[in-house]
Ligand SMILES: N[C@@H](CC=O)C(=O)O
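There is one chain below, alone, in C-alpha coordinates, taken in the form predicted on its own.
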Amino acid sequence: MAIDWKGLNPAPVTLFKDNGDVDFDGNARLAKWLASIPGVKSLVILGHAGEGTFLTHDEQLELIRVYKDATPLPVVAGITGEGTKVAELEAKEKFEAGATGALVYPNHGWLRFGYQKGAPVDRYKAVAQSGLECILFQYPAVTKANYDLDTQLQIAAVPGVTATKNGVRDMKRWYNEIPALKNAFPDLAIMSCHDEWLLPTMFDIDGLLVGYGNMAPELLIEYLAAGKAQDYPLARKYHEQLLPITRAVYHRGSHMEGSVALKHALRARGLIDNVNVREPLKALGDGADEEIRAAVKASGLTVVQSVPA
(Lines give C-alpha, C1' and ligand atoms only; values in the text may rest on other atoms or scores of the structure.)
Protein backbone atom coordinates (compact mmCIF):
# COMPACT_ATOMS: atom_id res chain seq x y z
CA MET A 1 0.00 0.00 0.00
CA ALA A 2 1.36 3.44 -0.96
CA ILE A 3 2.28 5.86 1.80
CA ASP A 4 -0.10 8.78 2.23
CA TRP A 5 2.27 11.73 2.53
CA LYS A 6 -0.53 14.32 2.57
CA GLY A 7 -0.22 15.52 6.13
CA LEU A 8 2.48 15.88 8.76
CA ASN A 9 5.49 13.59 8.55
CA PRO A 10 7.62 14.37 11.61
CA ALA A 11 11.34 13.62 11.73
CA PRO A 12 11.73 12.55 15.37
CA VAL A 13 14.88 13.14 17.36
CA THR A 14 16.78 10.13 18.71
CA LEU A 15 16.87 9.86 22.48
CA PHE A 16 19.94 8.71 24.39
CA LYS A 17 20.54 7.51 27.93
CA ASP A 18 22.92 9.32 30.25
CA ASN A 19 25.61 6.72 29.45
CA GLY A 20 25.36 7.50 25.73
CA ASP A 21 23.42 4.40 24.66
CA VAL A 22 20.33 4.74 22.49
CA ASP A 23 17.24 4.88 24.71
CA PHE A 24 15.04 2.52 22.72
CA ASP A 25 12.21 2.62 25.28
CA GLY A 26 12.19 6.42 25.24
CA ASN A 27 12.18 6.46 21.46
CA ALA A 28 9.22 4.07 21.42
CA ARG A 29 7.26 6.39 23.73
CA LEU A 30 7.97 9.39 21.49
CA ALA A 31 6.90 7.38 18.44
CA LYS A 32 3.64 6.36 20.11
CA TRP A 33 2.82 9.95 21.10
CA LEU A 34 3.44 11.29 17.59
CA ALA A 35 1.43 8.45 16.07
CA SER A 36 -1.49 9.21 18.38
CA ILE A 37 -2.04 12.64 16.79
CA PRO A 38 -4.56 12.70 13.91
CA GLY A 39 -2.95 14.00 10.76
CA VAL A 40 0.48 12.44 11.36
CA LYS A 41 1.06 10.20 8.34
CA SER A 42 4.52 8.68 8.81
CA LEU A 43 7.58 8.90 11.04
CA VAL A 44 10.89 9.72 9.36
CA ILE A 45 13.91 8.54 11.32
CA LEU A 46 17.68 8.33 10.87
CA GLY A 47 17.94 11.74 9.27
CA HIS A 48 19.54 15.00 10.37
CA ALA A 49 17.11 15.76 13.21
CA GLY A 50 17.41 12.15 14.37
CA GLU A 51 21.23 12.14 14.41
CA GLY A 52 20.99 9.21 12.00
CA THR A 53 24.59 9.17 10.84
CA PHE A 54 25.77 9.26 14.45
CA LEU A 55 24.24 5.84 15.14
CA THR A 56 26.01 2.58 14.47
CA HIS A 57 24.76 0.22 11.79
CA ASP A 58 23.19 -2.09 14.39
CA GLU A 59 21.60 0.83 16.27
CA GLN A 60 20.01 2.11 13.06
CA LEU A 61 18.39 -1.24 12.27
CA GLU A 62 17.20 -1.72 15.85
CA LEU A 63 15.66 1.75 15.91
CA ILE A 64 13.66 0.86 12.79
CA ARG A 65 12.42 -2.31 14.51
CA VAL A 66 11.47 -0.34 17.62
CA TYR A 67 9.47 2.17 15.60
CA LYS A 68 7.85 -0.60 13.57
CA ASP A 69 6.72 -2.35 16.76
CA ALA A 70 5.61 0.87 18.47
CA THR A 71 3.26 2.27 15.84
CA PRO A 72 1.17 1.24 12.83
CA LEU A 73 2.40 4.26 10.88
CA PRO A 74 4.88 3.82 8.02
CA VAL A 75 8.49 4.06 9.17
CA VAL A 76 10.67 6.03 6.76
CA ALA A 77 14.44 5.62 7.09
CA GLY A 78 17.20 7.91 5.95
CA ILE A 79 19.50 6.34 3.34
CA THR A 80 22.88 8.00 3.68
CA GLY A 81 25.52 5.58 2.37
CA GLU A 82 28.04 7.23 0.09
CA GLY A 83 28.42 4.89 -2.87
CA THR A 84 25.44 3.81 -4.95
CA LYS A 85 26.09 0.12 -4.20
CA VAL A 86 26.43 0.92 -0.51
CA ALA A 87 23.12 2.81 -0.55
CA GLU A 88 21.44 -0.09 -2.39
CA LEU A 89 22.55 -2.58 0.28
CA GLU A 90 21.63 -0.16 3.07
CA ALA A 91 18.12 0.19 1.64
CA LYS A 92 17.64 -3.58 1.46
CA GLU A 93 18.69 -3.99 5.09
CA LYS A 94 16.40 -1.22 6.26
CA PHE A 95 13.49 -2.65 4.29
CA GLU A 96 14.08 -6.04 5.89
CA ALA A 97 14.19 -4.36 9.33
CA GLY A 98 10.68 -2.96 8.76
CA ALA A 99 11.05 0.39 7.01
CA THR A 100 8.42 1.25 4.41
CA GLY A 101 9.95 4.37 2.90
CA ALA A 102 13.35 5.89 2.20
CA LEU A 103 14.46 9.49 2.52
CA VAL A 104 17.32 9.29 0.02
CA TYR A 105 20.19 11.61 0.88
CA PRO A 106 22.63 12.72 -1.81
CA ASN A 107 26.11 11.29 -1.80
CA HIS A 108 27.74 13.72 0.59
CA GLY A 109 30.84 14.07 -1.55
CA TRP A 110 28.54 16.04 -3.84
CA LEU A 111 28.19 18.73 -1.16
CA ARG A 112 31.76 19.79 -1.89
CA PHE A 113 32.38 18.71 -5.45
CA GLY A 114 28.96 18.57 -7.10
CA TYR A 115 27.55 15.60 -9.00
CA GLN A 116 27.98 14.16 -12.46
CA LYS A 117 24.90 14.13 -14.66
CA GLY A 118 23.01 10.87 -14.30
CA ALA A 119 24.54 9.87 -10.98
CA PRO A 120 21.60 11.03 -8.79
CA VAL A 121 18.95 9.17 -10.80
CA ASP A 122 21.05 6.00 -10.71
CA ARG A 123 21.22 6.33 -6.92
CA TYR A 124 17.42 6.47 -6.70
CA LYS A 125 17.00 3.52 -9.07
CA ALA A 126 19.33 1.45 -6.89
CA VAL A 127 17.53 2.34 -3.65
CA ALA A 128 14.06 1.81 -5.15
CA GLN A 129 14.96 -1.81 -5.96
CA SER A 130 14.71 -2.52 -2.23
CA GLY A 131 10.94 -2.07 -2.23
CA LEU A 132 11.09 1.14 -0.20
CA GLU A 133 9.02 4.10 -1.40
CA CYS A 134 11.51 6.87 -2.09
CA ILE A 135 11.46 10.58 -1.32
CA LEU A 136 13.35 12.91 -3.65
CA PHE A 137 15.40 15.01 -1.22
CA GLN A 138 16.24 18.49 -2.51
CA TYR A 139 19.10 20.07 -0.54
CA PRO A 140 19.55 23.84 -0.09
CA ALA A 141 20.64 25.78 -3.16
CA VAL A 142 23.76 26.97 -1.34
CA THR A 143 25.14 23.42 -1.51
CA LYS A 144 26.48 21.62 -4.57
CA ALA A 145 24.31 18.61 -3.71
CA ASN A 146 21.04 20.22 -4.75
CA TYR A 147 19.53 19.01 -8.01
CA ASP A 148 18.72 21.11 -11.06
CA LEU A 149 15.19 20.80 -12.44
CA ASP A 150 16.11 18.27 -15.15
CA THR A 151 17.67 16.00 -12.52
CA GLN A 152 14.63 16.34 -10.27
CA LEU A 153 12.37 15.38 -13.17
CA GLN A 154 14.52 12.35 -13.95
CA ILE A 155 14.37 11.20 -10.33
CA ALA A 156 10.63 11.80 -10.07
CA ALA A 157 10.14 9.48 -13.08
CA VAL A 158 11.79 6.54 -11.29
CA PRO A 159 9.18 3.94 -10.28
CA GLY A 160 8.92 3.99 -6.50
CA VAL A 161 9.66 7.71 -6.09
CA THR A 162 6.37 9.01 -4.70
CA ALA A 163 7.24 12.28 -2.95
CA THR A 164 9.74 15.09 -2.75
CA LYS A 165 11.08 16.77 0.37
CA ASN A 166 12.10 20.19 -0.86
CA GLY A 167 14.46 22.29 1.20
CA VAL A 168 15.92 24.43 -1.59
CA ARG A 169 15.61 27.62 0.50
CA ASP A 170 15.63 29.72 -2.65
CA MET A 171 12.14 30.97 -3.39
CA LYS A 172 12.97 31.94 -6.98
CA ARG A 173 13.77 28.30 -7.64
CA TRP A 174 10.81 27.08 -5.56
CA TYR A 175 8.35 29.14 -7.59
CA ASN A 176 9.78 27.78 -10.86
CA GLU A 177 10.57 24.18 -10.00
CA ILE A 178 7.62 23.11 -7.81
CA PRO A 179 5.01 23.97 -10.51
CA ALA A 180 7.12 22.12 -13.09
CA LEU A 181 7.25 19.01 -10.91
CA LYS A 182 3.51 19.20 -10.25
CA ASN A 183 2.75 19.58 -13.92
CA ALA A 184 4.94 16.65 -14.98
CA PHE A 185 4.01 14.36 -12.07
CA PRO A 186 0.60 15.29 -10.62
CA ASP A 187 0.71 12.35 -8.17
CA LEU A 188 4.10 13.29 -6.72
CA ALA A 189 3.52 14.50 -3.16
CA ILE A 190 5.20 17.86 -2.49
CA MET A 191 6.55 18.30 1.03
CA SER A 192 8.33 21.31 2.49
CA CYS A 193 11.16 21.03 5.00
CA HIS A 194 11.76 24.77 5.43
CA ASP A 195 11.53 24.57 9.23
CA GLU A 196 12.91 28.06 9.78
CA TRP A 197 10.54 29.77 7.32
CA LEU A 198 7.54 27.62 6.50
CA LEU A 199 5.03 30.31 5.56
CA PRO A 200 6.15 31.03 1.96
CA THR A 201 5.98 27.33 1.07
CA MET A 202 2.77 26.43 2.90
CA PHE A 203 0.41 27.17 -0.01
CA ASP A 204 2.03 24.86 -2.58
CA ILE A 205 2.39 21.61 -0.67
CA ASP A 206 0.67 18.35 0.12
CA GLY A 207 2.51 17.72 3.37
CA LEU A 208 5.34 18.61 5.70
CA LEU A 209 8.45 16.57 6.45
CA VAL A 210 10.05 18.51 9.27
CA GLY A 211 11.97 18.13 12.49
CA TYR A 212 9.60 20.84 13.68
CA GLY A 213 6.96 18.09 13.80
CA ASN A 214 8.55 16.74 16.99
CA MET A 215 7.62 19.66 19.16
CA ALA A 216 4.47 21.19 17.65
CA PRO A 217 2.62 18.54 15.64
CA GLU A 218 -0.85 19.68 16.74
CA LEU A 219 -0.37 23.26 15.51
CA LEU A 220 1.52 22.27 12.36
CA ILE A 221 -1.39 20.10 11.24
CA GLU A 222 -3.74 23.09 11.61
CA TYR A 223 -1.20 25.34 9.89
CA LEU A 224 -0.94 22.91 6.97
CA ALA A 225 -4.73 22.77 6.65
CA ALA A 226 -4.84 26.57 6.42
CA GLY A 227 -2.25 26.49 3.64
CA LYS A 228 -4.12 23.84 1.70
CA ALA A 229 -7.27 25.95 2.00
CA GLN A 230 -5.31 28.96 0.65
CA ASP A 231 -6.36 30.81 3.81
CA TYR A 232 -3.49 33.25 4.14
CA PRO A 233 -4.79 35.16 7.20
CA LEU A 234 -5.20 31.92 9.16
CA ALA A 235 -1.84 30.57 8.03
CA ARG A 236 -0.26 33.89 9.01
CA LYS A 237 -1.89 33.56 12.42
CA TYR A 238 -0.22 30.18 12.97
CA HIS A 239 3.08 31.57 11.68
CA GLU A 240 2.93 34.41 14.21
CA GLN A 241 1.85 32.10 17.03
CA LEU A 242 4.75 29.72 16.39
CA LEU A 243 7.34 32.42 15.72
CA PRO A 244 8.78 32.45 19.27
CA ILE A 245 9.59 28.73 19.13
CA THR A 246 10.72 28.98 15.48
CA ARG A 247 13.25 31.60 16.54
CA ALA A 248 14.37 29.76 19.66
CA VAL A 249 14.94 26.44 17.87
CA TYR A 250 15.83 27.26 14.25
CA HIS A 251 17.09 30.85 14.15
CA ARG A 252 20.33 29.87 15.84
CA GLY A 253 23.99 30.09 14.88
CA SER A 254 23.97 26.71 13.11
CA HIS A 255 21.04 24.72 11.78
CA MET A 256 22.64 21.70 13.48
CA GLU A 257 21.77 23.30 16.81
CA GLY A 258 18.14 22.77 15.90
CA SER A 259 18.40 19.07 16.74
CA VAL A 260 19.63 19.93 20.23
CA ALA A 261 17.08 22.69 20.67
CA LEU A 262 14.28 20.32 19.64
CA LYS A 263 15.12 18.14 22.62
CA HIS A 264 14.89 21.11 24.96
CA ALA A 265 11.45 21.89 23.52
CA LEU A 266 10.34 18.28 23.93
CA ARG A 267 11.49 18.34 27.54
CA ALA A 268 9.62 21.60 28.11
CA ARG A 269 6.49 19.86 26.85
CA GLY A 270 7.01 16.97 29.26
CA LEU A 271 7.70 14.40 26.54
CA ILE A 272 11.31 13.50 27.41
CA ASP A 273 13.42 13.82 30.53
CA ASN A 274 16.89 14.69 29.18
CA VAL A 275 18.54 16.46 26.26
CA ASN A 276 21.43 14.07 25.65
CA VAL A 277 23.05 14.22 22.20
CA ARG A 278 25.93 12.53 20.43
CA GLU A 279 29.08 14.11 19.10
CA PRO A 280 29.65 16.06 16.97
CA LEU A 281 26.54 17.80 18.39
CA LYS A 282 27.25 19.89 21.46
CA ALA A 283 25.09 20.99 24.35
CA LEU A 284 23.61 24.47 23.96
CA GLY A 285 25.05 27.37 25.88
CA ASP A 286 23.95 28.77 29.22
CA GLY A 287 20.45 30.15 29.18
CA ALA A 288 19.25 28.13 26.17
CA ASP A 289 16.96 25.88 28.17
CA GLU A 290 15.25 28.83 29.86
CA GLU A 291 14.95 30.61 26.50
CA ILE A 292 13.34 27.60 24.82
CA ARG A 293 10.97 26.96 27.74
CA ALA A 294 9.79 30.54 27.50
CA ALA A 295 9.33 30.20 23.73
CA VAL A 296 7.29 27.01 24.16
CA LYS A 297 4.99 28.85 26.55
CA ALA A 298 4.76 31.94 24.32
CA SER A 299 3.77 29.78 21.35
CA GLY A 300 0.93 28.22 23.29
CA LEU A 301 2.45 24.76 23.33
CA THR A 302 1.22 23.01 26.45
CA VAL A 303 2.76 20.36 28.65
CA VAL A 304 1.56 16.94 27.47
CA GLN A 305 -0.26 15.34 30.35
CA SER A 306 -0.46 11.79 29.03
CA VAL A 307 2.41 10.14 27.14
CA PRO A 308 1.80 6.58 25.86
CA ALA A 309 3.77 3.94 27.77
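One rule holds for the numbers: they count along the sequence shown, beginning at 1. Please read all numbers here as calculations on a predicted model, not as lab measurements.
Below: the form predicted together with this ligand, not depicted.
Colleague: Just one of 188 to 196, 153 to 161, 114 to 122, 221 to 229 has heavy atoms within 4.5 Å of this ligand in the predicted complex; which?
Modeller: Every other range fails; the passing one is 188 to 196.
Colleague: Hey, in the predicted complex, does residue 169 get a heavy atom within 4.5 angstroms of this ligand?
Modeller: The answer is yes: residue 169 has a heavy atom within 4.5 Å of this ligand.
Colleague: At 4.5 Å between heavy atoms, is residue 94 in contact with this ligand in the predicted complex?
Modeller: Residue-level check for residue 94: no, no contact with this ligand.
Colleague: Indicate whether this ligand has at least one heavy atom within 4.5 Å of a heavy atom of residue 105 in the predicted complex.
Modeller: Contact check for residue 105: yes, within 4.5 Å of this ligand in the predicted complex.
Colleague: Decide whether residue 48 counts as a contact residue for this ligand in the predicted complex under a heavy atom distance cut-off of 4.5 Å.
Modeller: Residue 48: yes, in contact with this ligand in the predicted complex.
Colleague: Though this ligand is not shown, can you say which of 32, 269, 255, 278 has a heavy atom within 4.5 Å of it in the predicted complex?
Modeller: Only one option qualifies, and that one is 255.
Colleague: For a quick check, can you give me the residues of 132 to 148 that have a heavy atom within 4.5 Å of this ligand in the predicted complex?
Modeller: If the 4.5 Å heavy-atom criterion is applied to this ligand in the predicted complex, 132 to 148 yields only 137.
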